[in-house]
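In structure tokens, one chain follows: the form predicted alone.
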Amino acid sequence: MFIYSLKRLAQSLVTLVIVVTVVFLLMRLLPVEGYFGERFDKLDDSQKEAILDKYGLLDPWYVQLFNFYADLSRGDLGTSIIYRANVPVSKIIKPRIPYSVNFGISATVISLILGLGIGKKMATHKGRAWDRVWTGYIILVSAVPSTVYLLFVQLYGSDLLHLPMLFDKYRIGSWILPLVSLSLGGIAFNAMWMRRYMVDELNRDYLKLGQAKGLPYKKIMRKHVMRNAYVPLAQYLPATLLSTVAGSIYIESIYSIPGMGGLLVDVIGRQDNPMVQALVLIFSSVGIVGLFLGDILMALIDPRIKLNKGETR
């Protein structure tokens, strides 16, 4: 298990370095206006060059990349230029993390409880009304652009249920619509895959053999079918949790939630390049960490994964 974890960790670190490097280089391809803000038209060429030199943007790309990794190793994500001039990015992000974490964890728990429960009922009622209704829901969430149904939830949910349209940390009711919006995709995902894995298990020979031996149907379902169906889903749990915790960019934006997702939308609009770079790197890192933890969790709970020498899968 230790060797397996080290291999997966090494692969994750390599992937993270590649992602960080690509993001850094792509940011350097953006127009330099983002480093001047509203002063761009008021500065002459010598002043612009002095500012670019201050940020090290006149150095060769490999020198910039080396300096970036050196700063990153010290926990320095850079300094905001426009959003909050001369304020460290880490100081700006820190108070926003709890909002994204609270919404992310809550939405993940909701989507797991509802999604797995719905998927189980769909599998055991295959072809019936329950299965057809929720299959329609899954198709709707998958096919319709999220911007459409999320706006529908915000507008009609606030109108019909008389709930606040925008987030207010002092009003509990203002948490409901954002949580519902953030959970819709997860509910559909968990229900769809739970149904699929359970249907696969229900067609296995061991189920028929167990019934032939007189084992109670409920016991077979609980100890074998559902357990085996949970195993593949476990791989995606850490990635789903961490990516949701990072916050939905669109949802935080439309509900005015002061989390990291809404902040990214704001700094992109203001062309605060150091802020954009730092937030994109954080979101990318969260996703890679989630995949790594998913692999480890899968190896822990699935006895079919061999961890002996020469068998990493």
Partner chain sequence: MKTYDDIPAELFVPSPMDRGEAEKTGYSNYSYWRSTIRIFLQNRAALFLLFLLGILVLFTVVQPLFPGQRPATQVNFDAKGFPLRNIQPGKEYWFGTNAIGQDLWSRIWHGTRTSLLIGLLVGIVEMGIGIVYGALWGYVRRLERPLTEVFNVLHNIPNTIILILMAYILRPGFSTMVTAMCLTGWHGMARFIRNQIVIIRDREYNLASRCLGTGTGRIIYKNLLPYLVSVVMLQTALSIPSTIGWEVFLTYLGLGLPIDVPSLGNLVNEGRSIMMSPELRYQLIFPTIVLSVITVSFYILGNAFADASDPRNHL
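Numbering follows the first chain given and starts at 1. Being a predicted model, the structure only gives us computed values, none of them experimental.
What follows is about the form predicted together with the partner chain, which we do not show.
**Q** Even though the partner isn't displayed, in the predicted complex is Val199 close enough to the partner chain, meaning a heavy atom within 4.5 Å?
**A** Outside the cut-off, so no.
**Q** Taking the partner chain as it sits in the predicted complex, is Ile18 in contact with it (heavy atom to heavy atom, 4.5 Å or less)?
**A** Contact with the partner chain, yes.
**Q** Is it the case that Met165, even though its partner is missing from this view, gets within 4.5 Å of the partner chain in the predicted complex, heavy atoms only?
**A** Yes - in the predicted complex, heavy atoms of Met165 and the partner chain come within 4.5 Å of each other.
**Q** Closest heavy atom of Met260 to the partner chain in the predicted complex, within 4.5 Å or not?
**A** Contact check for Met260: no, nothing within 4.5 Å of the partner chain in the predicted complex.
**Q** Using a 4.5 Å cut on heavy atoms, which of Ala85, Ala212, Val133, Leu155 is close to the partner chain in the predicted complex?
**A** When the partner chain is considered in the predicted complex, the option within 4.5 Å is Leu155.
**Q** Identify, from the list Ile105, Leu161, Leu140, Ile113, the residue with a heavy atom within 4.5 Å of the partner chain in the predicted complex.
**A** For this set of options, the contacting one is Leu140.
**Q** Taking the partner as it appears in the predicted complex, which of 68 to 76, 120 to 128, 141 to 149, 173 to 181 has residues with heavy atoms within 4.5 Å of the partner chain?
**A** So the stretch in question is 141 to 149.
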